[in-house]
Every structure is written in structure tokens, then in C-alpha cells.
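One chain is shown next in C-alpha cells, namely the form predicted alone.
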């Protein structure tokens, strides 16, 4: 079965600071999104990769080696994340794709083992998403003070790549009115079952300035391929 990966990198990422959107800032000498693409290009179960970009970033994207060599296809994003994903799904329609992985371009440390787990999960479920159980105590706050606690039983921190049977998630996006936080929300709105798959603490999403240093430490600690 053909599996495609959609890397969503059309956002502006202003919380990360810097002169460029976070996905185009350097992480250990390479753009964040280049490292993300490399992870999926190396995954044996992924046969096609699409990169969703903001129109202003086309020149940067075309300079990436994987794009310049034709190994990664570019798709322009929409006004929201779910609109960007739908654009990529529509670009894949009718091309024999059976499974799709939808991943944040700003998660450059995704592991090969996690990618494999997500593809495997689709044997039993039309959708699957990686997550890490919430282990910290949770408070409710108001006016800068703790006003209560929140039971963390059954709570998870969502990650990507979120995996789906292609035709099911395409139909779900076509039916959705827009404004979803992620593709799990779109899938569930269409009545699709989404299995929770074990995520990875190292699979961080670069969001704030300090995340670049943390990601670089994790990269340095990884064993050489």
C-alpha cells in the first residue's frame, strides 16, 4: 500500500522569535523543516512526501535539496492549518495513496520507530495519533493564583504524525466546516475512530525560542546513524 507523508509548514510561528518563521530557522546548521523532511524521506514505509508551504516561502522551499531533486512535492497552504492539510490531501487524490501521515514541520526529531508504529496502527483503525500521558499535576488558575486542581486521568499530550486511511480523512476534511486544531478533531467530527499510539518525549514541537537549544541537545545525544 502506498503511504504518503504531508509535512505542514505553512504557518508563521511568531512565538519562536527570530527573523524567519520557526520552520526555516537553523537547527544544528540545517533548517528545522529540512530535518523533518529527512526523517520521513528515510522512513522505509513512506513512499511519497509533500511539503505544505506559505507562498512567501517558496524560494526557500525550492532551495531544499529534497525539493530541488524532485523527491518532495510542494503544495501551497491555506488560511488555516486544516485548510493547508486539505490542500495537500486534494493534491494526492486519485494518485493511489492508501495511507497518509500528517506531521508538523516544526517537529524535527520524530523517530523512525514512531513513524513505523503509526503506519502499523492503520491495520486495525482508520486513524491513529501518537500521544504522551500527562504526568504532571494540573492546576486551574485565575488572576495569577491557583484556584483548583484538575484530574489528569485519561489526559494525553497530542503529537504528530497523525495517521489515517487516505480516503477516510479526505472525506472528513471535505465535510468539515474548518477551524480544527488538528486532524484528529477533523476525523472525530466525521465519526472516525482514532487509536492512541505511544508517542515519544523527544518528539518536541519547536514553539518557543528555548526549544531550539533543547532540540539541539537531543540531536547531539542521538547515536550516529
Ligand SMILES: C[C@](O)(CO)[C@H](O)COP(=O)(O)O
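Keep in mind it's a predicted model, so treat the numbers as computed, not measured. Positions refer to the first chain, counted from 1.
Beyond what is shown, the protein has a form predicted in complex with this ligand; the following relates to that form.
For the candidate set 42, 59, 181, 68, a heavy atom within 4.5 Å of this ligand in the predicted bound form is found for exactly one residue, namely 181. From the list 89-97, 115-123, 102-110, 139-147, the contact stretch for this ligand in the predicted bound form under a 4.5 Å heavy atom rule is 102-110.
The closest heavy atom approach of residue 205 to this ligand in the predicted bound form falls within 4.5 Å. Of the heavy atoms in residue 158, some are within 4.5 Å of this ligand in the predicted bound form.
For residue 15, a non-hydrogen atom is located within 4.5 Å of this ligand in the predicted bound form, even though that partner is not displayed.
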